[in-house]
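Take a look at this single chain in structure tokens; it is the form predicted alone.
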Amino acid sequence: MSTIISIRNLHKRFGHLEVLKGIDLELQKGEVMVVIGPSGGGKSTMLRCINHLEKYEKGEIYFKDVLLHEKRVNMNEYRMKMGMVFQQFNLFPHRTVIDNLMLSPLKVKKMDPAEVKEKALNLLKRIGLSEKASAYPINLSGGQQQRVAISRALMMDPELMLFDEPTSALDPELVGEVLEVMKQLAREGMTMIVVTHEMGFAREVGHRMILIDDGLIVEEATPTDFFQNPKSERTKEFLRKVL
């Protein structure tokens, strides 16, 4: 296996608040890493540092063998290799579903419009939303909007997908349809880091789990070991509250 992301001694502050206090992490190609932990522990901040939506004070993040904060690195080029899906769907409200999907490949990659449209329609078919191509986001359910947001990220052919609590803003009955799309991506071998509270998904899909609390990785294990044989008292306490 080859390493996609390598994080070494990552520190991040917001003013006086130290949010990440020395994160070390490696993610292999094809691996699904599930990140859990209490709110405010640093999970989302770590994701945002990986694709440089947040600057960090100390540490190194490598994409494959490239140190991302070096001046010579074109970060926009590397962001294209990392799809990001947020809690809030962040679709452009004034654009149709298919226009939301087509925008970045047309503007950023300068791809052929006919080719982009065909790819967008194929993705919509794959997530069961072919009939919504001309709809606007306001006319979609939250689950449908999040499936479109995932497809929009996939339009750029990313090598890595980052999911920041993608189901937390959804009504409970809509969660399953989004998780199903993510499970399908995992089955196809997509490399993923998923911040989530969905423990069933973590058990079923995750190759590795980490618990982040107070800016540190408290536990790292396979899902089986994580749930059945947690080593840290903090992990045991967290699992008692969420299971």
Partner chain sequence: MSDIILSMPFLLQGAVITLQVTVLSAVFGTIIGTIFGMGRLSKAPFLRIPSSIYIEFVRGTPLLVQIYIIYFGLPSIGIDFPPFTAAVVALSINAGAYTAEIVRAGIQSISRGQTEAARSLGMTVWQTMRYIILPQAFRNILPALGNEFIALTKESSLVSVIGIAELTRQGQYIISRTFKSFEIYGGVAIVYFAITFTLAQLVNWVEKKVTIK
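Treat the numbers as computed from the prediction; the structure is a model and nothing was measured. Positions refer to the first chain, counted from 1.
Heads up, the form predicted in complex with its partner chain isn't pictured, but that's what we're talking about next.
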Checklist entry - When you measure heavy atoms, are N51, K110 and N139 every one within 4.5 angstroms of its partner chain in the predicted complex? => result yes
Next on the checklist: With the partner left out here, check for me: in the predicted complex, does some heavy atom of L123 sit within 4.5 Å of its partner chain?
Outcome noted: no
Next on the checklist: Although the partner isn't part of this model, could you tell me whether G128 comes within 4.5 Å of its partner chain in the predicted complex, counting any heavy atom of the residue?
Outcome noted: no
Checklist entry - According to a 4.5 angstroms non-hydrogen atom cut-off, is S104 in contact with its partner chain in the predicted complex? => result yes
Checklist entry - Should M161 be classed as touching its partner chain in the predicted complex when contacts are defined as heavy atoms within 4.5 Å? => result no
Next on the checklist: Taking 4.5 angstroms as the heavy atom distance cut-off, pick the stretch from 53 to 61, 202 to 210, 171 to 179, 23 to 31 that is near its partner chain in the predicted complex.
Outcome noted: 53 to 61
Checklist entry - Among the candidate residues V73, V116, A133, M80, which is the single one with a non-hydrogen atom no more than 4.5 Å from its partner chain in the predicted complex? => result M80
Item to check | its partner chain in the predicted complex - contacting residues of 212 to 243, heavy atom within 4.5 Å | outcome: none
